[in-house]
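A single chain, nothing else alongside it, follows as structure tokens in the form predicted on its own.
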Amino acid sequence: MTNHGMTTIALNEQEKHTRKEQILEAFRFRHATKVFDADRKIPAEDFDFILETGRLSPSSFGYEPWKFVVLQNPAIREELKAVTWGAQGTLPTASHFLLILARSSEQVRHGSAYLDYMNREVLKLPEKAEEGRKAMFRDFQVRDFGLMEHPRQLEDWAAKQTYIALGNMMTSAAQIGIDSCPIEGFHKEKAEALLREHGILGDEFSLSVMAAFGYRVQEPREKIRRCADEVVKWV
């Protein structure tokens, strides 16, 4: 079924129940895998699928302030390990190791060349609509969220968007039986300096978060979470 060129999925109740159970099972399956089976590699088409779910992820205003770098070079991985305490087991063993970069504060500041490019070339807004969106985004940054008070606030706003893509990629991986581990345990300044030294990171990006993908070598303990009543409130 299509609507204005978009595909929609109509499910009957049984199909819906099955789909929900499959999704929940993927969430139960997913654990932060600390060591992977170094001998097992993710098929190229499977990792392309994971990356595509990241690319298709939503972002504030649709500005996609991210870039995904798949780090497969073993020598650079070993160097990065020295400044990434949270990936001591995953950097040497992951089938695929992902660096998720966030646009710099200058790139996501209202009126920037990057945002003009997104409005005109990617979103393809008519001139009048573009002017209205630019004014709305300026008010959002200046008035609504107060993001212009310090450059780091803009960088943090961009980094928050990357976590949407990260979550989607980890979930899509789990749905096809692939393990993952999100990684924030790194020395940001030293890691970014190393990546710049290797030409991986330019001034237009900062390192937001990392993620490792592969196949577990042992079964994790049972997933533990707070009960729904503690985390959900209806008003």
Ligand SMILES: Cc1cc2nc3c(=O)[nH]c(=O)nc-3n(C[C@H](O)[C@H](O)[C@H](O)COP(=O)(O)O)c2cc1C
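Note that residue numbering follows the sequence shown and begins at 1. It should be emphasised that the depicted structure is a prediction, and the values quoted were computed from it without experimental measurement.
What follows is about the form predicted together with the ligand, which we do not show.
The stretch in contact with the ligand in the predicted bound form, judged by heavy atoms within 4.5 Å, is 176 to 184, chosen from 41 to 49, 191 to 199, 176 to 184, 60 to 68. This chain is drawn without the ligand; in the predicted bound form, the residue among Trp157, Tyr163, Phe137, Tyr114 with a heavy atom within 4.5 Å of it is Tyr163. None of the heavy atoms of His17 is located within 4.5 Å of the ligand in the predicted bound form. Remark: Ala32 counts among the residues lining the ligand in the predicted bound form, judged by a heavy atom distance of 4.5 Å or less. At a distance threshold of 4.5 angstroms between non-hydrogen atoms, Arg225 is in contact with the ligand in the predicted bound form. The single residue of 53 to 90 lying near the ligand in the predicted bound form is Gly86, the criterion being any heavy atom within 4.5 Å.
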